[in-house]
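A single chain comes next, written as structure tokens; it is the form predicted on its own.
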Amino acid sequence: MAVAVLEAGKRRRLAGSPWLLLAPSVVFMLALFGWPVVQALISAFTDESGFTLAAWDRLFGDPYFLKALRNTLLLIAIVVPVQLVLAVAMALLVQARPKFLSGHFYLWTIPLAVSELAAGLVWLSVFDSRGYLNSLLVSWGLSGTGVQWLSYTNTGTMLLAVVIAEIWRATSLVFVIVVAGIQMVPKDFDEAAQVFGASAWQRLWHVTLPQLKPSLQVALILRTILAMQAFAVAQALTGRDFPLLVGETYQWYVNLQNPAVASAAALVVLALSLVTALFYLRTMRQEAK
């Protein structure tokens, strides 16, 4: 009897162990994240003769690498803040419960169902030299022959086209996260602020946004990492005329048939993603204190 009781207690302790609950996630992460990282490290730092930095020398010597790094960071610096502001504004509009609320919500989340490449092709039909935008400009008499939006000589217009396409495609993701967070904000806080005479701006700045910090943190980290991995939209619009880091990884692996340099480029993206995520977490934790 005593042995049975001890065995039952042991089983209960094992069943309640947090490590058992975490085990499936740990196995999943090791299989789909840990092993590919190990493979990339081996490929980037070794060759037939052993340890080498030849892949890194070739990557850093490539004239496209610095351009891709600059373009990727510039894209993040423009797209992510704009998407956060738009997502918060859209979420506040949903919270106000306008007419046809479900219509607004579904309309704004349509881009979630569109793949990156499809979104790039849609916007290519807009910004192409014979696309819809130039047709409008010519028909309205604003331009004689249209604007070469995607010409390799117009870096600014290429950036503009990629930024607009990315904002359209991915703002809905941030919007869904912020809407989920704003539903968790107690209405009592906002009502109390109204009683004490706070304006709409004061309630937003001092009541709503502080309560939204966890959701904004998740959205900021996730969207920054995904923006760092942007590729298909820019590829569809500009090809290699507007290089991005993940696009260079693709070029080295598929077109140039060099897995070692492709692994080095992928590790650069991984390192930047980790550093960015840690920076956000550290900054927001310090602000919370």
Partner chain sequence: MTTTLPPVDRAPLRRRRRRAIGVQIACVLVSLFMAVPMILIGLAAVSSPRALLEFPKPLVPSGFSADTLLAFVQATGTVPALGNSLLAGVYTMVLSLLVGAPAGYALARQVFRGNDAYQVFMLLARALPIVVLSVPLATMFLRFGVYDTVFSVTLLHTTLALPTTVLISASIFVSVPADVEEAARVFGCGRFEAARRVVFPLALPGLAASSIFTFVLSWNEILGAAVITLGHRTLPAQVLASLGEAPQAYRFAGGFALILPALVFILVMRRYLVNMWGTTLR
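This one's a predicted model, so the numbers in the text were calculated from it and none came from an experiment. Numbering follows the first chain given and starts at 1.
What follows is about the form predicted together with the partner chain, which we do not show.
Only one of the listed residues (V80, V207, M90, L216) places a non-hydrogen atom within 4.5 angstroms of the partner chain in the predicted bound form, and that residue is M90. Checking A193, M158, V176, I76 for any heavy atom within 4.5 Å of the partner chain in the predicted bound form turns up a single hit: V176. Within 4.5 Å of the partner chain in the predicted bound form, a heavy atom is found for all three of F105, V114 and A266. Among heavy atoms of F65, none comes within 4.5 Å of the partner chain in the predicted bound form. When the partner chain is considered in the predicted bound form, N71 lies well away from it, no heavy atom lying within 4.5 Å. In the predicted bound form, the partner chain sits within 4.5 Å of a heavy atom of I110.
Shown alone here, T249 lies within 4.5 Å of the partner chain in the predicted bound form, counting heavy atoms only. Interface residues of 129-144, taken as those with a heavy atom within 4.5 Å of the partner chain in the predicted bound form (partner not displayed): S129, R130, G131, Y132, N134, S135, V138, in sequence order.
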